[in-house]
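Just the one chain here, laid out as structure tokens, in the form predicted on its own.
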């Protein structure tokens, strides 16, 4: 039964939409409170969705899609865009490394921890980036036995 999708949510994130970053993550958490009452689980998932949403707003030229697929024991997130891509994924995964524009940094975004936070709090993580866009897929499993340090 773990492979049966219960529901899907889809959001469009506009380029440079700094003023609304986090709004989709909050909607997802609110929606999922009925499915997953664990606050620890919702916190981990919220961090991951927030970071994916922020990356779409900061780094894409035309925005992107955020697909949330809800299963009975986990949530899968697909963040996809048709932007310029990530030239060096290994560098992008280095804590503190950022290619965020100055405007984003002045607003408190683009500190170079987004992908690392997702990788840290998600239970599975996959990233592919080409010159025509980036696809990030991660899952956060509802396993109360998993312990995370915040």
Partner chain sequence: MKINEICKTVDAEILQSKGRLHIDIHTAFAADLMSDTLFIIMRDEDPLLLITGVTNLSVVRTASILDIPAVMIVRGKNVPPETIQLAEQNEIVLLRSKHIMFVVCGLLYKAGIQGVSWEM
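Residue numbers count along the first chain shown, from 1. Worth saying up front: this structure is predicted, and the values here are computed from it rather than measured.
Unshown form predicted in complex with its partner chain; subsequent notes refer to it.
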{"property": "Its partner chain contact in the model of the complex: residue 82, any heavy atom under 4.5 Å", "result": "no"}
{"property": "Partner proximity in the model of the complex: residue 65 to its partner chain, non-hydrogen atom cutoff 4.5 Å", "result": "no"}
{"property": "4.5 angstroms heavy atom contact with its partner chain in the model of the complex for residue 40", "result": "yes"}
{"property": "Partner proximity in the model of the complex: residue 30 to its partner chain, non-hydrogen atom cutoff 4.5 Å", "result": "yes"}
{"property": "Contacts with its partner chain in the model of the complex, stretch 10-39 (heavy atom within 4.5 Å)", "result": "19, 20, 21, 22, 23, 25, 26, 29, 30, 39"}
